[in-house]
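Given as C-alpha cells, the chain that follows is alone and in the form predicted alone.
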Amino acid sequence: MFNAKAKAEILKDLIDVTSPLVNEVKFNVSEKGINLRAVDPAHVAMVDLTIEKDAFDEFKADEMELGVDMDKFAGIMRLASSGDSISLTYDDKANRLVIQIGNLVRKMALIDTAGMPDPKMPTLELPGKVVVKASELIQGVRASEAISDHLAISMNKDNFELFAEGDTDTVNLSLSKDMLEGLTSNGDCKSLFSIDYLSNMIKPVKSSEPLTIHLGNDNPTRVEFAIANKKGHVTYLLAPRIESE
C-alpha cells in the first residue's frame, strides 16, 4: 500500500534534486517516508535523498520499492501549479503510480526495480567544513560558468574560496570566516570540480537557505542541505577532477 498527498512544491523538490543526475530512480518507501539513492551514469556524482512522512499532508505506506522514470514524472508535475495538492497512489495490480492533480488523473507505468542498483554511501573523513548561504555560492558558480567548465574550491581555518580560470578571464569568490555561517578546517583544503555538476546540485536550494560543503584535498566533496520545508534532507557526493601535472 502507498497513498500520499503533498503540495506540488514537495514533489518538485524531489525531482529537481534527482533528475539532473539520473533518469531512472528507485524510491524506497516505508512508513517513515521516501528515500532514494542513485549514482549518475558517469559515476561522477551520487545523491542520497530522504523526505519524511511529515512533509506530506497525508502519508500511508507499507515497505516497498517503486521504480520511477524521472523524466516522465517531471513532465507530469509540470502540469501542476504552485500550491496544488497532488495525490499519489500505488496500483499494485497494474504496477502503476496513479497521480491526481485536481480533476486530472495520470496513471504512470513503473519500472522493474529488480536490476536497479543499491549504491552504498561511502564514509569520507573530510577535514574541511563550511556552511554558506546558497546565494553566495550560486553567484560564484554562475560567474564561473561563463569562463570555464571547472572550478577550484578551497578553504582554511579563516577563509572559503571559489576560483575559476578561463583562457583569458578569472573568477574569484572569497569569504572570510565572519561572512560565513560556519567554518572549520584542519589545515588547507583544495579540490577541483566540474561546474556543470556543481551547478545542478545547488539549483534546488533556495537562495536564502544555508548549505554545507565538506572538503578535502583532491577528494570528493559532500554537499548537504534541507528540502521540503526542512522535512527532507539531501546529500550529494561529487568526485574531483584531478589536474594533470
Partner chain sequence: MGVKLGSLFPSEQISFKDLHDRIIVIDAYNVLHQFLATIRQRDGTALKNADGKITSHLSGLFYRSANLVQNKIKPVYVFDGKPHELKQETIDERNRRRLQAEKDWKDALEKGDTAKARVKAQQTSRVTEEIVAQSKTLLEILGIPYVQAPEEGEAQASYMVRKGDAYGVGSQDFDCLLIGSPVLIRNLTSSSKRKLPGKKAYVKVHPERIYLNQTLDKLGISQKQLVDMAILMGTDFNEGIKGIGPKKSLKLIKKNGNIENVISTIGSDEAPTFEKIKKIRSMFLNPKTTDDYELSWSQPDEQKLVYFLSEKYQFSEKRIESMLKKFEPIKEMKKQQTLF
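Numbering follows the first chain given and starts at 1. All values reported here derive from a predicted model rather than from experimental measurement.
Although it is not shown, the form predicted in complex with its partner chain is what the next lines describe.
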Among the candidates 44, 205, 36, 213, the residue which, in the predicted complex, approaches its partner chain to within 4.5 Å (heavy atoms): 44
In the predicted complex, the residue from 158, 71, 167, 125 that sits within 4.5 Å of its partner chain by heavy atoms: 71
Contact segment among 172-180, 44-52, 57-65, 26-34, judged by heavy atoms lying within 4.5 Å of its partner chain in the predicted complex: 44-52
Residue contact check: residue 105 to its partner chain in the predicted complex, 4.5 Å heavy atom: no
Contact of residue 114 with its partner chain in the predicted complex (heavy atom, 4.5 Å): yes
In the predicted complex, residue 188 touching its partner chain (heavy atom, 4.5 Å): no
4.5 Å heavy atom contact, residue 109 to its partner chain in the predicted complex: yes
Interface residues of 191-228 toward its partner chain, as seen in the predicted complex [heavy atoms, 4.5 Å]: 194, 196, 220
